[in-house]
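One chain comes next, on its own, written out as structure tokens in the form predicted alone.
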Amino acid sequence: MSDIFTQLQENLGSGVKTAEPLAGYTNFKIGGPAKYFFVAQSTKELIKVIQVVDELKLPFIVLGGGTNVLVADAGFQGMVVIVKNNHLLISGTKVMAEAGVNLGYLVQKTIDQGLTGFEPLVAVPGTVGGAVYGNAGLPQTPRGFIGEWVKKVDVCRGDKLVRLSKEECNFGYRDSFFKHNNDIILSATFVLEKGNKEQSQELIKKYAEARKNQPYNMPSPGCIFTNFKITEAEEVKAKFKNEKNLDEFIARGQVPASWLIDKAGLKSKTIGGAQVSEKHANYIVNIGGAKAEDVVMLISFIKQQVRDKFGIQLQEEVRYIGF
């Protein structure tokens, strides 16, 4: 038994594990073992484990719902912390949610309280922490991203607790301040608007219907690539002239990655156990026994094909762990 493991158990208790397989903790159902592993059931435990691994200079990763991640076949040579803090408090239009709160639960609870704003997040898998980290939401919907509703975010930064304003979070399309530093999200406070429950439920149906072509019944991390940002409209018009959806894309300022992948003829493309979804081309699904290596090879192939056919370089949204 290593000295590190002994110190972890002395500080965190018997809940610390070694060689814990990670596939079961990710939506992709892919990934080798974590050298060290711990489930934080509360914000207090989450802060404690972060401080302990920081003192031990131990590499660590925090996971919520295990979406938008690909874990290497060799696993992760450090500490993996699963976040399970799930306290939710709604007061008027103010909503405080800890990082481990399930997004679907958050959406329904706010609607039950007569609030509106989170409807575009329906059917988005994962937790509040991951959603704030990646600014989850719908780009084609006004105020469709979770970051639009943030008032403040509480984080753990090494041995310090820090409160950040919405402006300090620097939210962008599928981006935030948190993707570029080591802050760990503990909770977020949002300010929503007064709504109508019946209207909100109609919106829920609308957004759920729009997502029906996404392969939620298959193991997948979610969208693999971000949409391509249009900076030169004329260049895009020349590249894709006579395409019926082009005006919509230009108005939105983005060409959907799924459209590009589908147009490249890559739906159903398979490498090993990894396949480009037949339903939605920006999803790679695990059709059985997929390895991380299969996914990496398929991602590389997709990028190469789209680049060769359209001169567009796709960027991954998925987060690599242990590579």
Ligand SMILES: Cc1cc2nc3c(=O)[nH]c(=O)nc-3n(C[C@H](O)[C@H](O)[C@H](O)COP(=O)(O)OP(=O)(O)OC[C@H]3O[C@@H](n4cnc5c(N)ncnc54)[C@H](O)[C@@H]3O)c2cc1C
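Given the structure is predicted, the values throughout are model-derived calculations rather than measurements. Residue numbers here begin at 1 and follow the sequence given.
Below, we refer to the form predicted in complex with the ligand, which is not included among the displayed structures.
Contact with the ligand in the predicted bound form, judged by any heavy atom within 4.5 Å, is made by just one of 66, 32, 256, 273: 66. Using a 4.5 Å heavy atom cutoff, 61, 138 and 216 all lie near the ligand in the predicted bound form. Using a 4.5 angstroms threshold between heavy atoms, residue 125 counts as touching the ligand in the predicted bound form. The shortest heavy atom separation between residue 38 and the ligand in the predicted bound form exceeds 4.5 Å. Taking the partner from elsewhere, residue 133 is found to have a heavy atom lying within 4.5 Å of the ligand in the predicted bound form. At a distance threshold of 4.5 angstroms between non-hydrogen atoms, residue 94 is out of contact with the ligand in the predicted bound form. In short, of 158 to 166, 86 to 94, 198 to 206, 216 to 224 it is 216 to 224 that has heavy atoms within 4.5 Å of the ligand in the predicted bound form. Applying a 4.5 Å heavy atom cutoff to the ligand in the predicted bound form picks out 283 as the lone residue from 275 to 289.
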